[in-house]
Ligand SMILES: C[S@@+](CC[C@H](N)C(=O)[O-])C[C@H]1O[C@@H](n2cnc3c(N)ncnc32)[C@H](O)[C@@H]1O
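Okay, so here's just one chain, in structure tokens, the form predicted on its own.
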């Protein structure tokens, strides 16, 4: 099975032998890849919409190590889940999923997030929940995606890491990503002359 570069990057961050909750599993390709390649011991694949859930059930019915759930976020993940993946959503929704059922994270050692907006909020939420950043990887598929991997522990995020990504300036794609961000910030600044944006532009220029 061939995954997109974004999903492949997410899969590459899962520890071998993990018990995974794939939140927003959609078609189930990532869940299937994880069990087919013997990366995950088992996967709990979650969808909250009936249409995608029907497709998920159909695609995964041949895989006994994948359990599907029509549920919301992490509200029904089993206690043996040690790794949570939340991919393809906005950052506000990601943060809401994590905070609304925080007690479900008690046995979760690793969280992998691919949030498409509000990345600073997501990083702050993960830090506040008691997770330490392991990696943040840039993926370009038409647009840039930031794939974050965290583990239980005390965070070492600097203000720059919190705003732009955990040591993201070491990523091979960072220079191109920075130029894209600068163009976006500059366009927004030209519209509203925000002092906060002006400060962001200066900080980003010096990374």
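This is a predicted model, so every value here is computed, not measured. Positions refer to the first chain, counted from 1.
From this point on, the text means the form predicted in complex with this ligand, which you will not see here.
- Item | Interface membership of residue 6, this ligand in the predicted complex, 4.5 Å heavy atom rule | Taking the distances in the predicted complex, the answer for residue 6 is yes, it comes within 4.5 Å of this ligand.
- Item | Partner proximity in the predicted complex: residue 21 to this ligand, non-hydrogen atom cutoff 4.5 Å | Residue 21: no, not in contact with this ligand in the predicted complex.
- Message: Please determine whether residue 124 contacts this ligand in the predicted complex, using a 4.5 Å cut-off between heavy atoms.
- Response: Answer no; every heavy atom of residue 124 is more than 4.5 Å from this ligand in the predicted complex.
- Query: Quick one: is residue 152 in contact with this ligand in the predicted complex, heavy atoms, 4.5 Å cut-off?
  - Reply: Residue 152: no contact with this ligand in the predicted complex.
- Query: Taking this ligand in the predicted complex as the reference, which of 97, 108, 77, 112 has a non-hydrogen atom within 4.5 Å?
  - Reply: Of the listed residues, the single hit is 97.
- Task: Using heavy atoms only and a 4.5 Å cut-off, determine which of 38, 156, 58, 49 is in contact with this ligand in the predicted complex.
- Result: Contact residue from the list: 49.
- Item | Segment that reaches this ligand in the predicted complex - one of 23-31, 176-184, 60-68, 136-144, heavy atoms within 4.5 Å | So the stretch in question is 23-31.
- Item | Every residue of 72, 88 and 93 near this ligand in the predicted complex, heavy atom within 4.5 Å | Result yes, every residue of the spot touches this ligand.
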